[in-house]
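A single chain, nothing else alongside it, follows as structure tokens in the form predicted on its own.
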């Protein structure tokens, strides 16, 4: 069996022997396609113990494997050259251990983030993980999802206290533990978070939870310019106020939050939208007692904020968390950046994006987490005809050239034909040799997500 085709012909019977016929299927593969590449088979292990054996066989046979959760971030990175097996974690969806008294929870990787959040809310506790609709625990960690709550609770690396995983060569691994004070293997855990499934398959994770606030308040302030909004942000950073969310939204992005599809009856909209000039919005969410929220209102009175109702809050923050999906749903040829930059450079990043987008016939829609220095920027085509592949590359290059060396701009999504034209991850990191060593150590035969990174 020297040819790749003859090897892949043996995939299904070997997987059925290992996992059982009910756990392997070869129909409805379009659901699991990535950049138009269909897998040969989909494996759905019923237990975490089956995954090491599956990956060991894949190594022996040189089968490429892509782990699959909710499918919300599968378009990230360069085009994967071949998919022999999609390893779906959808059957690994249980809460393994939940101790409300210790504010900790252990969850299998295929559990949906929203389902786990609902379970925690029943005990008045919060899993501070905001992820795209349908995302799984394992997928959210692999992509290092960071939603609006990051301002108050940090990124997943800050409250995930342990992960169990299987490396590319089928070896079980663990980082961290089940208690908050356990720091054994902490760096190993951080390594798995944000690795996009290229180092191993996350099979379960442990989280520190937070008390769920009795009430929250969301204030929307509007400005004629980004400079005015940044001035208020700077005042906020110097003040004793501590919002759990702080989002700066440019006028274009606000359209994707306020003009929701008609099928969404719970949409949030500003008062008298037809009479309002589109302006910059700074959305601040606070949690706490009546006294604390009253102080926030008093301190912010100079900015004349609008106080959202409870129903409006829920709809608004749901819309913010779903901004990327909404933008791409309406503009299939859009390009999404995740940007990280020093706080002092927030305005420069926003203006750089607007300039680069305009120069290449895009419009920049921006949501900036302005107290933590992360931004989501969508370059959306202005013309009806889709831009050429090189146009995306040129726009990205122009944008990145205007950022400081302390900033990074990763393309999370763009049209398939544009991907070969440029490096979606940005400039080559200085520690690329170390990254390659880590990849070889965890996945020596490069079977996991082969081709997603350019460091392989």
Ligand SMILES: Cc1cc2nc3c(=O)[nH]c(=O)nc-3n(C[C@H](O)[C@H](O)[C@H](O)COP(=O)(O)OP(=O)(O)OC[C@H]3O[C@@H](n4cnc5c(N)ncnc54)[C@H](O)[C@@H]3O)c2cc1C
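Here the structure is a predicted model, which is why all the values come from computation and not from measurement. Residue numbers count along the first chain shown, from 1.
Just so it is clear, the following notes concern the form predicted in complex with this ligand, a form of the same protein that is not shown.
So, in the model of the complex, is residue 68 in contact with this ligand at a 4.5 angstroms heavy atom limit? So residue 68 counts as contacting this ligand.
Would residue 325 count as touching this ligand in the model of the complex under a 4.5 Å heavy atom rule? Output for residue 325 is yes: heavy atoms within 4.5 Å of this ligand.
Tell me, yes or no, whether residue 197 is in contact with this ligand in the model of the complex, where a contact means a heavy atom of each within 4.5 Å. Yes.
Hey, in the model of the complex, is residue 222 touching this ligand, heavy atoms inside 4.5 Å? Output for residue 222 is no: heavy atoms all beyond 4.5 Å of this ligand.
Could you check which residue among 132, 243, 373, 176 gets a heavy atom within 4.5 Å of this ligand in the model of the complex? For this set of options, the contacting one is 132.
In the model of the complex, which of the listed residues (365, 218, 146, 206) lies with a heavy atom within 4.5 Å of this ligand? Of 365, 218, 146, 206, the residue with a heavy atom within 4.5 Å of this ligand in the model of the complex is 146.
This ligand in the model of the complex: contacting segment from 317-325, 208-216, 293-301, 346-354, heavy atom within 4.5 Å: Among the listed stretches, the partner-contacting one is 317-325.
When you measure heavy atoms, are 73, 201 and 413 every one within 4.5 angstroms of this ligand in the model of the complex? Spot residues vs this ligand: full contact, yes.
Interface residues of 97-112 toward this ligand, as seen in the model of the complex [heavy atoms, 4.5 Å]: Going through 97-112 in order - heavy atoms within 4.5 Å of this ligand in the model of the complex - there is one hit, 109.
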